[in-house]
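Quick setup: one chain, the form predicted alone, written in structure tokens, and binding and motion questions come after.
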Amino acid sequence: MKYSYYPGCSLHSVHKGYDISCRSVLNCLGCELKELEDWNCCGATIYMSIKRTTSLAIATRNLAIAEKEGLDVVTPCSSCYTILNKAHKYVKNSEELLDKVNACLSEVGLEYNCTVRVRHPLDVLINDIGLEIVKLHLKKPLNGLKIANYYGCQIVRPDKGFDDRENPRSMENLFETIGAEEVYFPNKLRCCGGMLMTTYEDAALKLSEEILDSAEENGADCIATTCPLCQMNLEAYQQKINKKFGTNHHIPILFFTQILGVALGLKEEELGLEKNFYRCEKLDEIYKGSLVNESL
């Protein structure tokens, strides 16, 4: 299986651990990722609220480059995934918008014909590779690891995509297949505060604190996330949250690909685990354990 790969700005900078682990895991499971040549920022969410046509042209440029490869484009970042999907939907459903966007793209010798599928790595793992193949590659079952699976507010909304909008189960199914235990986590779709951390910090800190509290209250060893911004807010601000609310949160926030990579027997440097602020003791125990050849 071969895919175009759009890492986005975040994975090429502060969230290299997600980039490294995503590439390593998918490669281990037989997927070839070809990074888009000369990709640009998707524009994130702010562009669409300012200049619609410009924002669509910026995002669609990446889709036009991917279209030339004739491959689905995989993007791990929740914001990139949402923006690229939204751009595709808007121009596909409006001939007027598509004409305006293509007029912009023509200036750099590109055209978009709305044939690209934008995919999240979790979607690829579940629906292309399949849980049985993941299980065949299992080297270190995650027995005893209790995970709070946190999707955040973007990858399953607003339209139904690869999972249910109100009760997604992709990560639960993935991790239960390789031995981990799901904890009760009613906050799995709650917003972490997003970019409010740079504008209304108090509100964002409260939102993040509620997510951390829910995970720890229900006995999670770690939180698994699919989103770089969620990972940053929940991990990097824990000390500030503790100071503000008098709490004592010290829970690891890991990308789901990092946790999966440990189960697949990949090396720490192949997963970027050293880039995280907090270590997960239970996951470290599994990581240091002996390899197994048999599946569950």
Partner chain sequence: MKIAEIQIPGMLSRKEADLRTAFLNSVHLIPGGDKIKACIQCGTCTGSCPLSYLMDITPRELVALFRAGDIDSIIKSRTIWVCASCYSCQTRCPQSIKVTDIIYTLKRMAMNRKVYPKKFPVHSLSDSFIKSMNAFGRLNEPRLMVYYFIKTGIWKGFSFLPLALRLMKKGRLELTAPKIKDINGFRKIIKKAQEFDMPLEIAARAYREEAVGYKAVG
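Residue numbers count along the first chain shown, from 1. Note that the coordinates shown come from a computational prediction; the quantities given were computed from them, not determined experimentally.
Absent from the display: the form predicted in complex with its partner chain. The rest refers to it.
For the options Ile58, Leu264, Leu33, Ile241, the residue carrying a heavy atom within 4.5 angstroms of its partner chain in the predicted bound form is Ile58. Contact annotation: of the candidates Cys104, Val183, Cys114, Ile129, the single residue with a non-hydrogen atom within 4.5 angstroms of its partner chain in the predicted bound form is Cys104. Taking the partner from the other structure, its partner chain in the predicted bound form has a heavy atom within 4.5 Å of a heavy atom of His12.
Although the partner is absent from this view, Ala236 contacts its partner chain in the predicted bound form, with a non-hydrogen atom inside 4.5 angstroms.
Among heavy atoms of Arg52, some come within 4.5 Å of its partner chain in the predicted bound form. Put simply, Glu281 is far from its partner chain in the predicted bound form: not one heavy atom of it is within 4.5 Å. Contact with its partner chain in the predicted bound form, judged as any non-hydrogen atom within 4.5 angstroms, is confined among 130-138, 82-90, 69-77, 173-181 to 82-90. Heavy atoms closer than or equal to 4.5 Å to its partner chain in the predicted bound form belong, across 249-281, to the residues Glu274, Lys275, Asn276, Phe277, Tyr278, ordered by sequence position.
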